[in-house]
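Same chain, two forms, each on its own as structure tokens: structure 1, then structure 2.
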Structure 1
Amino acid sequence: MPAAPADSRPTLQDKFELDQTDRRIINRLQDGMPVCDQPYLLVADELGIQEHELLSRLQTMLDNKVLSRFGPMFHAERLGGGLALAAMRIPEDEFDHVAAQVNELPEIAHNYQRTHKFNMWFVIATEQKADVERVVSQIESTTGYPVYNMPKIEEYYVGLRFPV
């Protein structure tokens, strides 16, 4: 199926409208979850809502693709795993097909379309460092396109946050 031009794709506002409580939840959770027996209850109390409402709203935002993922972030390399940022140059008329092929692999996260000659960018996360090259080879074999693997040289913490 050919990819739709980037400017004609549905926007977040086309799919789901965030209310003020949703926005407060997203903003609060970007600062992390408490480490305790009932983290959702604690966050719900901070926000002045019930725990079941917090969980229900999170699930609704996930179901409506407002949130693509909600979960912990681990430092894979410190756990013995591998991480790589990768890019591909995919013809526009094949983009969606190739993206689906790449996204089928459980090691793929954060796959984005960019307006650049390298128009597909994604993260490969593996349980073993050596598996990154296996995943790269598998993608190249499946899609027929080269993967440009850019290993991390140094990590910087930038405190990225997107207030909504």
Structure 2
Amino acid sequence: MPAAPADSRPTLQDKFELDQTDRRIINRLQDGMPVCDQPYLLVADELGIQEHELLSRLQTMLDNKVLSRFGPMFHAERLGGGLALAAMRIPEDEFDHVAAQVNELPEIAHNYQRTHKFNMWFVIATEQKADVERVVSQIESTTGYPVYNMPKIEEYYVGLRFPV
């Protein structure tokens, strides 16, 4: 049996309660912000709050890890970087050990344990496209398990958004 899921333990982010204004800020800024001299003022006006309130709420939500980032969403491939989704089949009792080995690498952007024979799924993000293969080989030689790279052929655009 895996350990108790992380969300059963009280953490900073569990204690932080979003209020209605926080929610409006999140919903508004998931759609993006214009590039101009005082962009926060523009958005604050739209939401009917003060600019300093918007800035301090954003900072608080970043500090409490409700937001992972505020700023540009780069298109990795167009910048010349590499982005790959990869999977591994790891025996249950080896999982934590291998996960630690994989997560050690700075190129690993996300890593999820999933309910399947293919139970480890992670994203490899590299500065250069050619580096993805190097990272794959590195993981295979460090862990002793094969890495299945699942290259993207086509993206059906959705516009990732989480209404709150």
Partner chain sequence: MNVLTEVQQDRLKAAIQDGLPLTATPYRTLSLQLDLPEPLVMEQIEHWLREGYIKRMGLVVRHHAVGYRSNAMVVWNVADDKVDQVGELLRQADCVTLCYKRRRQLPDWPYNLYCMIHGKSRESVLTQLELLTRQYELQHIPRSILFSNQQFKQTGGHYARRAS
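Please read these numbers as outputs of a predicted model, since none were measured by experiment. Rigid core: the largest C-alpha set superposing within 1.5 Å between the two forms. Numbers follow structure 1, counted from its first residue as 1.
Q: Is the form predicted together with the partner chain shown as structure 1 or as structure 2?
A: Of the two forms shown, it is structure 2 that corresponds to the form predicted together with the partner chain, while structure 1 does not.
Q: Checking residue 65 here: with the core superposed, does its CA move 2 Å or more between structure 1 and structure 2?
A: Yes, because once the rigid core is superposed, the C-alpha of residue 65 moves 2 Å or more between structure 1 and structure 2.
Q: Taking 2 Å as the cut-off, check whether the CA of residue 147 shifts that much or more between structure 1 and structure 2 after a rigid core fit.
A: Comparing forms between structure 1 and structure 2, the residue 147 CA shifts below 2 Å.
Q: Once both forms sit on the same core, give the Cα displacement of residue 30 between structure 1 and structure 2 in angstrom.
A: On core superposition, this C-alpha lies 4.7 Å from its counterpart.
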